[in-house]
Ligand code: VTB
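Presented as structure tokens, the chain that follows is alone, the form predicted alone.
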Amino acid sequence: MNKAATGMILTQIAQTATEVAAIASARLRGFGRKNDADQAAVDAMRRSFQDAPFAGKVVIGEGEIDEAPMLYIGEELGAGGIAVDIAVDPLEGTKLCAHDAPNAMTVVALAPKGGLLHAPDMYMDKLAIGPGYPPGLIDLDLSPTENVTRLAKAKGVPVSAIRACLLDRERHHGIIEELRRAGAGVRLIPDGDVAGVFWTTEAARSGVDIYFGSGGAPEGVLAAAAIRCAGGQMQARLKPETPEEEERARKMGRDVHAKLTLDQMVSGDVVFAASGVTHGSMFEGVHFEGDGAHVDSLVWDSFTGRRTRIRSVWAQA
């Protein structure tokens, strides 16, 4: 199968998976039942994969840290065909959905077998920007001040025009204070760091130029898929918090001290898809009208370079 045909097949599979998961979880918006909403998204996504024309294997599943329902790492799905790595976050922002708060979404990345880093379930430091900048502009070993200064110079704007995004966590207070001292604006988000990285790919729309901070390593690989498709830049480093986590990473062949490049996280072509569950910076949330469910999605395909925004209408059962 040629490259373009592979991209078309994986694009359709990914779009269907995120959209059915978005519809299922959107029915539980605002009820305060984050695990139920997550389970609904997982179940819908799993059903969509079961009959898909590929031989899929989950290499990035939902995090075990919060004991959420999940598509399990190692789970095999599909009706047969091209061997594919699956990375999923069936509901990115479970609390956001439970509270009907902005920016909950469903996310999938698909790549030919071996194309996605199998990241251990622990924290990861991340640094990302969108497309259009000279290679090597940002570096995880540089200070936040130096990174935003470099970015501002490349954009031809003052540092005050740069907006950085971070999870609103105590562990990030030092970075936040430094960025503000440097003159940059900061957007703090309560949850959903796939979205935070993803926003850098369309800075004019989202208002986010650069992403800093630590979050889940599996989510980092999903975010890297979006950066790969968009032509942006990203670096990361695993951040184990216990000796047990460090040993787990070493058993997987991961050097916890090494910087991970974008090529190491996503080594080749990939399809990235995301659908809005609640309204937010990049998506409209699912809208139920009559017998239809309206879903706003982005589907990006590095096989062909397509970057498509789609507004789908699904008939409700």
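Residues carry their position along the shown sequence, with the first being 1. The structure displayed is predicted, hence computed values, not measured ones.
Just so it is clear, the following notes concern the form predicted in complex with the named molecule, a form of the same protein that is not shown.
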Q. Using 4.5 Å between non-hydrogen atoms, is residue 93 touching the named molecule in the predicted bound form?
A. yes
Q.
With the partner left out here, check for me: in the predicted bound form, does some heavy atom of residue 85 sit within 4.5 Å of the named molecule?
A. no
Q) Can any non-hydrogen atom of residue 191 be found within 4.5 angstroms of the named molecule in the predicted bound form? A) yes
Q. So, in the predicted bound form, is residue 209 in contact with the named molecule at a 4.5 angstroms heavy atom limit?
A. no
(Q) Based on heavy atom distances of 4.5 Å or less, which listed stretch (157-165, 197-205, 119-127, 139-147) is in contact with the named molecule in the predicted bound form? (A) 119-127
Q. Here the chain is shown alone; which of 112, 216, 102, 78 has a heavy atom within 4.5 Å of the named molecule in the predicted bound form?
A. 216
Q. Which residue, 153, 180, 169, 187, has a heavy atom that falls within 4.5 Å of the named molecule in the predicted bound form?
A. 169
